[in-house]
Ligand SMILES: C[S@@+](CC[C@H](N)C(=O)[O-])C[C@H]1O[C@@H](n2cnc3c(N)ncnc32)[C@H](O)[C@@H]1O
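Take a look at this single chain in C-alpha coordinates; it is the form predicted alone.
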(Lines give C-alpha, C1' and ligand atoms only; values in the text may rest on other atoms or scores of the structure.)
Protein backbone atom coordinates (compact mmCIF):
# COMPACT_ATOMS: atom_id res chain seq x y z
CA UNK A 1 0.00 0.00 0.00
CA UNK A 2 1.36 3.43 -0.97
CA UNK A 3 2.05 5.75 1.94
CA UNK A 4 1.44 9.50 1.77
CA UNK A 5 4.99 10.24 0.65
CA UNK A 6 4.81 7.67 -2.15
CA UNK A 7 1.47 9.09 -3.29
CA UNK A 8 2.96 12.58 -3.47
CA UNK A 9 6.00 11.32 -5.36
CA UNK A 10 3.76 9.65 -7.93
CA UNK A 11 1.60 12.75 -8.17
CA UNK A 12 4.69 14.85 -8.93
CA UNK A 13 5.80 12.35 -11.57
CA UNK A 14 2.55 13.04 -13.37
CA UNK A 15 2.82 16.79 -12.83
CA UNK A 16 6.30 16.96 -14.24
CA UNK A 17 7.87 20.39 -14.62
CA UNK A 18 7.99 19.91 -18.39
CA UNK A 19 4.19 20.29 -18.70
CA UNK A 20 3.26 23.59 -20.36
CA UNK A 21 1.18 24.58 -17.33
CA UNK A 22 0.46 23.16 -13.89
CA UNK A 23 -3.01 24.67 -13.53
CA UNK A 24 -5.68 26.44 -15.58
CA UNK A 25 -4.41 29.61 -17.23
CA UNK A 26 -3.17 31.07 -20.50
CA UNK A 27 -0.83 33.83 -21.62
CA UNK A 28 -3.70 36.00 -22.88
CA UNK A 29 -5.44 36.01 -19.49
CA UNK A 30 -2.21 36.77 -17.65
CA UNK A 31 -1.55 39.66 -20.00
CA UNK A 32 -5.12 40.95 -19.68
CA UNK A 33 -4.77 41.07 -15.91
CA UNK A 34 -1.30 42.60 -16.11
CA UNK A 35 -2.40 45.27 -18.60
CA UNK A 36 -5.26 46.21 -16.28
CA UNK A 37 -3.09 46.67 -13.19
CA UNK A 38 -0.42 48.53 -15.16
CA UNK A 39 -3.09 50.87 -16.55
CA UNK A 40 -4.38 51.52 -13.06
CA UNK A 41 -0.87 52.24 -11.82
CA UNK A 42 -0.15 54.54 -14.77
CA UNK A 43 -3.36 56.46 -14.10
CA UNK A 44 -2.19 57.14 -10.55
CA UNK A 45 0.99 58.74 -11.84
CA UNK A 46 3.19 57.92 -8.84
CA UNK A 47 3.36 54.12 -9.01
CA UNK A 48 5.67 52.44 -8.36
CA UNK A 49 7.06 54.70 -5.67
CA UNK A 50 10.80 55.01 -5.12
CA UNK A 51 11.75 52.61 -7.90
CA UNK A 52 12.17 52.74 -11.65
CA UNK A 53 11.12 49.11 -11.98
CA UNK A 54 8.03 47.38 -10.64
CA UNK A 55 8.79 44.96 -7.81
CA UNK A 56 6.63 41.84 -8.25
CA UNK A 57 6.16 38.83 -5.96
CA UNK A 58 4.84 35.73 -7.78
CA UNK A 59 3.54 33.24 -5.19
CA UNK A 60 3.13 29.57 -6.05
CA UNK A 61 4.82 30.21 -9.37
CA UNK A 62 5.08 26.56 -10.42
CA UNK A 63 7.10 26.18 -13.62
CA UNK A 64 6.63 29.84 -14.39
CA UNK A 65 4.24 30.16 -17.33
CA UNK A 66 2.81 33.38 -15.89
CA UNK A 67 6.17 34.52 -14.46
CA UNK A 68 7.63 34.65 -17.95
CA UNK A 69 4.71 36.79 -19.14
CA UNK A 70 5.15 39.24 -16.26
CA UNK A 71 8.83 39.66 -17.06
CA UNK A 72 8.19 40.01 -20.80
CA UNK A 73 5.41 42.58 -20.62
CA UNK A 74 6.29 44.79 -17.65
CA UNK A 75 9.37 46.74 -16.67
CA UNK A 76 9.81 44.75 -13.50
CA UNK A 77 11.84 42.46 -11.30
CA UNK A 78 10.02 39.29 -10.22
CA UNK A 79 10.68 37.18 -7.14
CA UNK A 80 9.07 33.81 -7.91
CA UNK A 81 8.43 31.43 -5.02
CA UNK A 82 7.44 27.77 -5.06
CA UNK A 83 8.01 24.80 -2.74
CA UNK A 84 9.15 22.33 -5.41
CA UNK A 85 12.68 22.78 -6.73
CA UNK A 86 12.18 21.04 -10.12
CA UNK A 87 9.50 23.62 -10.97
CA UNK A 88 11.93 26.43 -10.20
CA UNK A 89 14.67 24.77 -12.25
CA UNK A 90 12.29 24.63 -15.21
CA UNK A 91 11.36 28.28 -14.66
CA UNK A 92 15.03 29.23 -14.82
CA UNK A 93 15.43 27.27 -18.05
CA UNK A 94 12.40 28.92 -19.65
CA UNK A 95 13.53 32.36 -18.53
CA UNK A 96 16.88 31.81 -20.25
CA UNK A 97 15.16 30.72 -23.46
CA UNK A 98 12.83 33.75 -23.40
CA UNK A 99 15.65 36.17 -22.61
CA UNK A 100 14.17 37.41 -19.31
CA UNK A 101 16.36 35.60 -16.78
CA UNK A 102 17.90 38.85 -15.51
CA UNK A 103 14.45 40.04 -14.45
CA UNK A 104 13.51 36.90 -12.50
CA UNK A 105 14.81 35.59 -9.19
CA UNK A 106 13.54 32.24 -7.91
CA UNK A 107 13.32 31.07 -4.33
CA UNK A 108 12.40 27.71 -2.82
CA UNK A 109 9.99 28.22 0.05
CA UNK A 110 6.55 28.10 1.60
CA UNK A 111 4.34 30.92 0.35
CA UNK A 112 2.79 31.07 3.81
CA UNK A 113 6.11 31.62 5.57
CA UNK A 114 7.81 34.59 3.96
CA UNK A 115 10.83 36.02 5.73
CA UNK A 116 10.80 39.66 6.78
CA UNK A 117 14.05 40.24 4.88
CA UNK A 118 12.10 40.04 1.61
CA UNK A 119 10.73 43.55 2.07
CA UNK A 120 7.64 44.81 0.29
CA UNK A 121 6.37 44.75 -3.28
CA UNK A 122 4.44 46.95 -5.66
CA UNK A 123 2.49 44.00 -7.02
CA UNK A 124 1.69 40.52 -5.68
CA UNK A 125 0.67 37.91 -8.23
CA UNK A 126 -0.77 34.45 -7.60
CA UNK A 127 -2.48 32.35 -10.27
CA UNK A 128 -4.49 29.49 -8.82
CA UNK A 129 -2.23 29.08 -5.78
CA UNK A 130 -3.58 31.34 -3.05
CA UNK A 131 -6.10 28.68 -1.97
CA UNK A 132 -3.16 26.92 -0.29
CA UNK A 133 -3.25 29.66 2.35
CA UNK A 134 -7.03 30.05 2.22
CA UNK A 135 -7.93 32.71 -0.33
CA UNK A 136 -9.18 35.36 2.11
CA UNK A 137 -6.58 34.50 4.73
CA UNK A 138 -3.89 34.87 2.08
CA UNK A 139 -5.16 38.29 1.06
CA UNK A 140 -5.23 39.41 4.69
CA UNK A 141 -1.83 38.12 5.73
CA UNK A 142 -0.06 39.27 2.57
CA UNK A 143 -1.35 42.84 2.73
CA UNK A 144 1.72 43.86 4.75
CA UNK A 145 3.90 42.63 1.88
CA UNK A 146 2.49 45.37 -0.34
CA UNK A 147 3.65 48.95 -0.39
CA UNK A 148 0.95 51.56 0.34
CA UNK A 149 -1.26 51.65 -2.77
CA UNK A 150 0.18 48.30 -3.86
CA UNK A 151 -1.79 45.99 -6.13
CA UNK A 152 -2.74 42.32 -5.86
CA UNK A 153 -3.73 40.04 -8.75
CA UNK A 154 -4.95 36.54 -7.86
CA UNK A 155 -7.14 33.92 -9.49
CA UNK A 156 -9.46 31.66 -7.53
CA UNK A 157 -11.84 28.81 -8.35
CA UNK A 158 -15.46 29.96 -8.00
CA UNK A 159 -19.02 28.84 -8.62
CA UNK A 160 -20.86 30.77 -11.31
CA UNK A 161 -24.31 29.86 -9.99
CA UNK A 162 -26.11 27.84 -7.35
CA UNK A 163 -27.42 25.22 -9.77
CA UNK A 164 -24.40 22.95 -10.17
CA UNK A 165 -25.24 19.20 -10.26
CA UNK A 166 -24.65 17.15 -7.13
CA UNK A 167 -21.61 15.39 -8.61
CA UNK A 168 -20.03 18.81 -9.15
CA UNK A 169 -20.83 19.98 -5.64
CA UNK A 170 -19.55 16.80 -4.03
CA UNK A 171 -16.32 16.75 -6.02
CA UNK A 172 -15.35 20.30 -5.13
CA UNK A 173 -16.60 19.95 -1.54
CA UNK A 174 -13.85 17.34 -1.17
CA UNK A 175 -11.20 19.12 -3.26
CA UNK A 176 -11.82 22.77 -2.33
CA UNK A 177 -14.22 23.18 0.61
CA UNK A 178 -13.71 26.97 0.67
CA UNK A 179 -14.98 27.40 -2.90
CA UNK A 180 -17.54 30.22 -3.15
CA UNK A 181 -19.66 31.98 -5.75
CA UNK A 182 -18.15 34.97 -7.52
CA UNK A 183 -20.55 37.38 -5.78
CA UNK A 184 -19.90 35.98 -2.32
CA UNK A 185 -16.14 36.12 -2.93
CA UNK A 186 -16.42 39.77 -3.96
CA UNK A 187 -18.54 40.53 -0.89
CA UNK A 188 -16.03 38.79 1.38
CA UNK A 189 -13.13 40.77 -0.10
CA UNK A 190 -15.01 44.01 0.55
CA UNK A 191 -15.81 42.88 4.10
CA UNK A 192 -12.08 42.52 4.79
CA UNK A 193 -11.78 46.30 4.34
CA UNK A 194 -8.19 45.76 3.23
CA UNK A 195 -8.63 46.01 -0.55
CA UNK A 196 -10.62 47.80 -3.20
CA UNK A 197 -11.74 45.54 -6.06
CA UNK A 198 -10.59 47.19 -9.29
CA UNK A 199 -11.81 44.54 -11.70
CA UNK A 200 -12.58 40.85 -11.97
CA UNK A 201 -13.03 38.56 -14.95
CA UNK A 202 -13.61 34.88 -15.68
CA UNK A 203 -10.87 32.89 -17.39
CA UNK A 204 -12.15 31.45 -20.69
CA UNK A 205 -12.50 27.72 -21.26
CA UNK A 206 -9.39 27.85 -23.44
CA UNK A 207 -7.39 28.58 -20.28
CA UNK A 208 -8.53 25.26 -18.83
CA UNK A 209 -7.77 23.25 -21.94
CA UNK A 210 -4.30 24.78 -22.20
CA UNK A 211 -3.72 22.88 -18.95
CA UNK A 212 -6.01 19.88 -19.31
CA UNK A 213 -5.14 18.74 -22.84
CA UNK A 214 -1.42 18.03 -22.17
CA UNK A 215 -2.30 16.61 -18.75
CA UNK A 216 -4.90 14.25 -20.21
CA UNK A 217 -2.36 12.98 -22.74
CA UNK A 218 0.08 12.38 -19.90
CA UNK A 219 -2.54 10.51 -17.88
CA UNK A 220 -3.04 8.16 -20.83
CA UNK A 221 0.69 7.45 -20.93
CA UNK A 222 0.81 6.74 -17.19
CA UNK A 223 -2.29 4.54 -17.39
CA UNK A 224 -0.48 2.28 -19.86
CA UNK A 225 2.64 2.16 -17.68
CA UNK A 226 0.73 1.46 -14.46
CA UNK A 227 -1.84 -1.05 -15.69
CA UNK A 228 -0.87 -3.50 -12.92
CA UNK A 229 -0.70 -0.88 -10.12
CA UNK A 230 -4.22 -0.33 -8.72
CA UNK A 231 -3.22 2.44 -6.30
CA UNK A 232 -1.49 4.42 -9.00
CA UNK A 233 -4.42 3.85 -11.33
CA UNK A 234 -6.73 5.26 -8.63
CA UNK A 235 -4.72 8.51 -8.61
CA UNK A 236 -4.84 8.65 -12.40
CA UNK A 237 -8.60 8.04 -12.32
CA UNK A 238 -9.15 10.85 -9.81
CA UNK A 239 -7.29 13.32 -12.02
CA UNK A 240 -9.19 12.16 -15.09
CA UNK A 241 -12.45 12.55 -13.15
CA UNK A 242 -11.68 16.25 -12.66
CA UNK A 243 -11.10 16.73 -16.38
CA UNK A 244 -14.30 14.87 -17.23
CA UNK A 245 -16.23 16.95 -14.70
CA UNK A 246 -15.08 20.17 -16.33
CA UNK A 247 -15.87 18.78 -19.77
CA UNK A 248 -19.47 18.14 -18.65
CA UNK A 249 -20.13 21.09 -16.32
CA UNK A 250 -17.86 24.01 -17.24
CA UNK A 251 -20.81 26.43 -17.27
CA UNK A 252 -21.13 26.06 -13.49
CA UNK A 253 -17.58 26.84 -12.26
CA UNK A 254 -14.26 28.27 -13.30
CA UNK A 255 -11.34 30.48 -12.34
CA UNK A 256 -11.87 34.17 -11.73
CA UNK A 257 -9.11 36.78 -11.73
CA UNK A 258 -9.48 39.36 -8.96
CA UNK A 259 -7.51 42.60 -9.35
CA UNK A 260 -7.21 44.49 -6.09
CA UNK A 261 -5.80 47.72 -4.69
CA UNK A 262 -4.50 47.81 -1.14
CA UNK A 263 -6.53 50.16 1.03
CA UNK A 264 -4.69 52.54 3.41
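Residue numbers count along the first chain shown, from 1. Please read all numbers here as calculations on a predicted model, not as lab measurements.
What follows is about the form predicted in complex with the named molecule, which we do not show.
Chemist: So in the model of the complex, is the named molecule close enough to residue 23 to count as touching (4.5 Å, heavy atoms)?
Modeler: Answer yes; at least one heavy atom of residue 23 falls within 4.5 Å of the named molecule in the model of the complex.
Chemist: I'd like to know whether residue 128 contacts the named molecule in the model of the complex, with contact meaning heavy atoms within 4.5 angstroms.
Modeler: It does: once the named molecule is placed as it appears in the model of the complex, residue 128 has a heavy atom within 4.5 Å of it.
Chemist: Taking the shortest heavy atom distance, is residue 73 within 4.5 Å of the named molecule in the model of the complex?
Modeler: Outside the cut-off, so no.
Chemist: If you check in the model of the complex, is residue 189 within 4.5 Å of the named molecule, heavy atoms only?
Modeler: Residue-level check for residue 189: no, no contact with the named molecule.
Chemist: Just one of 233-241, 217-225, 58-66, 32-40 has heavy atoms within 4.5 Å of the named molecule in the model of the complex; which?
Modeler: That would be 58-66.
Chemist: Among 165, 86, 134, 109, which has at least one heavy atom within 4.5 Å of the named molecule in the model of the complex?
Modeler: Answer to the contact question: 109.
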